[in-house]
Structures are given as C-alpha cells and as structure tokens.
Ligand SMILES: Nc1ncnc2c1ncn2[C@@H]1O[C@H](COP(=O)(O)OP(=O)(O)OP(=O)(O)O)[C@@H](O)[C@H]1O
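The data below hold one chain only, encoded as structure tokens and taken in the form predicted alone.
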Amino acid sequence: MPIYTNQIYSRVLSSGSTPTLIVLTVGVLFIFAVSGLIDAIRAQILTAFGVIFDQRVSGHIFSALFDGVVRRQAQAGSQALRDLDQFRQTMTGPGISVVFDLPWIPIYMAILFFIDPIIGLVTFLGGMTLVGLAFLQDRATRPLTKAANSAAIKSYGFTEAGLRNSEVVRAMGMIGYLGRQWGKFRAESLTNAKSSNEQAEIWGGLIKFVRMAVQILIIAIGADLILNHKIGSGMLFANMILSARALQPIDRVVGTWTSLIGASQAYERLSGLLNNYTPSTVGTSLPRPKGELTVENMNYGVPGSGRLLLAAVNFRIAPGEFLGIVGPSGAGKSTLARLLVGVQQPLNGSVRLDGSDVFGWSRAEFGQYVGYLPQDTELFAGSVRDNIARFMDGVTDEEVIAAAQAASVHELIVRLPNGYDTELGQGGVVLSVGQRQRVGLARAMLRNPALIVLDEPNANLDSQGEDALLEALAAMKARAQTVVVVSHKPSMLVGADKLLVLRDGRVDLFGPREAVLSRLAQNAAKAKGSTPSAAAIEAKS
C-alpha cells in the first residue's frame, strides 16, 4: 500500500498515464489477493493446530485431573478443562497472529530510517514508549486480573460442591448461608475485575494518545520534508502507512493483553497440574493374576500432612481367600482399601498382587483383573449396560448380564423401564442410593476379576439387598476369587476366611476368622473382668 500510494502521487498523477494506473492497480490487487489467501491458509493452519493440540493434550489433562484428585492435589477440577479451552483459543485466535507480525517491525523501521532518519527515530521512540507503557499496564493489571480469576475459580468450585450436595443443602436450609459465602467470592472477583478494567482503561487511553501523537508527528515531519523538497508528496502517505504498520503489532498486543494474561495464568495452572503427572506407559503385558495379595511394611499418609494414616501394615492372603477388614471409624479401613487396588501410592512399602506392585501396574490392564466398590458409589450418565460394562468397547451383552446375575441385581434391572438400556442420567439419579450400590457391585464383578475389594458394600442396602449381597459373596468364594470386604456388620463377614482388625492405622489382629474372633472376645472379657465361655465365643462368631 505505501508503494502503491507513492506511485500514484509521484508517477500517475504527474504523468496522467491511465495505462500505468491500470498496471499498478491490477498488480496491487493481485498482491492483496495473494495476501488474503495466505491469511486464510494461516487461519486454517491455526485452527488445525488447535484441534491437534487439543487431541494431544486434553487426554493428559483429563487423566491428570483424576490423578490429582487421588493425591488430593487437584483444585476445582473442571477449571482445568476451562483453562485448556482458554489457552487453546488464545493460541489459535486473532491475538496470537500478532506474533507473526512482530518480525516485520524492524523491516518497517529500516524503511522509515531509509526514507528519513528523523521519521525513523520518531517511530522507533514511539514504539519504545508504547512497549514501556504496555509493560507498566501489565504491572498494574496482572495482580488484579489474577486475583479476580482466582476468586472466580473459587466461586465456581463452591457452586459445584453445593450442587453435588444439593439434597443436604436444601434439606437443612443452607442455601442462604452458602449463597452469602458464594457471594463473597463473587464480589471479590467482580471488585478485582473492575479495578483491573479501570487500570487497563487508564493505561489504554494513554497508549492510544501516544500512538496518535506519533502519527501526528509523522505527518507533520513529512509535511515539513515536502515543503523543503526533500521527499515527494506521495511519500507523506507512505510514511503514515509504514509507521502505522510498524506500530500496529504493539497496538494489537495492548488490545489483546487481557486475553494474553488469562492464557498465561491458564498455562501456569495447567503446568502445575501436569508437573506431578506421569502418563501411563504400555509395558509388558502380565498374565491374569491368581489373586495372591501381599502387603509389605506399608506406610501411608497424605502428602504434606506429616501424619501417617497407616503404619507398618503387613499381611498376606492366598488366592481365593476372603478377607474381612474391621475396626473403629477413622482406623484407616477405607484408605487401606484404596491402596489395595492401586488408587493411591504408599509412602513406602508395597502392595503386590501375584508379586507385582498394584500402583505401578498399567491401569487399563490392572482394571481387567480387579473389581472395586467404594463407600460412595457413583454411576455415570449413560445406560445401565454402559455402567456395568465400564464404558469399555468389546464387552458383550452376555458378560454384562453375567455380572449382573453374579451381583444378584439382574431381576432389579429388568424391572426398570428399559431394562439394561435405561438411561441413568447424571450421577445415576434414576436409581436410589441402594440400587446404585448394587449396580456398582455388578460393575465390580464384570468378567470375574481375580481380586474384588468392597468398601462397606451394604452401607445403603435394605434387607433384600443384603441377602443378595451375601449370595454374591458366596458365589465369589465358590469361584475362588480373592475377596476383601470392609464392613462394620459381622453378618457380612460370615464367610470370611481371615479377619484383619485395624486400630489407629495399625494392624491390631490378623489371622483366621475364628482365631481373631476368639481373641476379640477374650479381650472384651478381660476388659469386663470375666473369662468368656466357649458358648459365648461361638455365639460371637
């Protein structure tokens, strides 16, 4: 455009040559057509990059969220996915295109210095001033923007937690109280955002003034050079356009500064999430385990807490044995159950299934051999069949039905409106808590796993559900599956081969069921000052 404008004023208008005008115009139009095509291709490349970037990174972010939650280090989990979207959109949107224009700044500057050193110097000093003002704007707005974003994340996380516990909130009239706490986070976010925007407007106005002042000076200097016959009149417009193009990338950086800051903070949060995440690798495929479970000198505590939840835990159960874990609340039973299935990693020591460390085992492969039912059973949006099949490909209807029958829940499922194809909705809201637990048991029993760990499997069951659970436990034992059950109810452990008693995170008793119950009865009798009879021990059993 600068060259075209200069040629029009200095050549076409002075010569009155229409053919020259036509040739110049057609040539410039062709150049701009090529430029537009290149811009379109660049936009397509950025869009394709965004898709590829998301495909390569989003899976790791999704996995790292679960890894962080298990390690109790993930905060506002869904925020990480919002951060990924924000970072990707910024990296592939109009804002990032300014990076491709930055290398042209020194070229435009060199041309302006060649035309006239004074014009080049004014443009250079104006550009440096704009960069300095942009830096000061960043110093003034970045802390406020970061504080606003942090408060917004807290408000989102607080809302998600409230929605997960909506029944408790509504039943106990906590909406107003929680609303006030949510309002504090919201007000903090809005206040900091308002202050950040005010600062940005002040600095933005100053930057705009400097940019316009540079343009005016360029015109004034160019006019003076024309009056002194140092440059042609066409160069006045060329100077204007060249200086504007030289400063345009800086101006665009300032205009997109807020989104760039947001993307930078999103990058920091994503990096923090991924720093402690190690992607699972496909190693040597191990054979199906027989079910020998060994815990060796295991200690566990929440990282950074400085307190052990489990200490010096040692025991072994043979393939096909049924282990019952009992103990008072807070003894570490549920923590031990999570460690047995490799959900968490011991601080030291190990948990081994057929000699292989359960935490280091490939999760996808390990999951084929293990069934796990936590205290709070969560189902996912999808059909009953999908949930029992664990959303895996290649699971047949026969395998799903066999798992449901093994869990004694087949009759319950076929009475649902659409049987196994009944859509459960978010969190499995179609089913009652007890029904979700029974479907969760069927999910745990898919394909007859070698090891099954059940944490309070009867917590939400009625008498009918408990009878079905006892039938399922008997069937597991008959199939020689290794079973570990955490329960407060002795009736759930009638078929146990061994019992493990936890107290304060340590193994208090471990051994055959009859021997442990006898020891417990003796301890109870000593505490009361009497000796238990054989009949009393048998009754306790």
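Fair warning: this is a prediction, and the values are worked out from it, not measured in the lab. One rule holds for the numbers: they count along the sequence shown, beginning at 1.
Heads up, the form predicted in complex with this ligand isn't pictured, but that's what we're talking about next.
- Proximity to this ligand in the predicted complex, taken as a non-hydrogen atom within 4.5 angstroms, holds for one residue of 93, 319, 179, 330, which is 330.
- Listed residues 506, 60, 488, 42 were compared with this ligand in the predicted complex; 488 is the one with a heavy atom within 4.5 Å.
- Though the partner is left out of this view, residue 460 does not reach within 4.5 Å of this ligand in the predicted complex, counting heavy atoms only.
- Residue contact check for residue 338: one or more of its heavy atoms lie within 4.5 Å of this ligand in the predicted complex.
- In the predicted complex, this ligand lies within 4.5 Å of some heavy atom of residue 375.
- Contact check for residue 415: every heavy atom lies farther than 4.5 Å from this ligand in the predicted complex.
- Considering this ligand in the predicted complex, the lone stretch of 406-414, 285-293, 210-218, 306-314 in range is 306-314 [heavy atom distance within 4.5 Å].
- Taking this ligand as positioned in the predicted complex, none of the residues of 500-517 brings a heavy atom within 4.5 Å of it.
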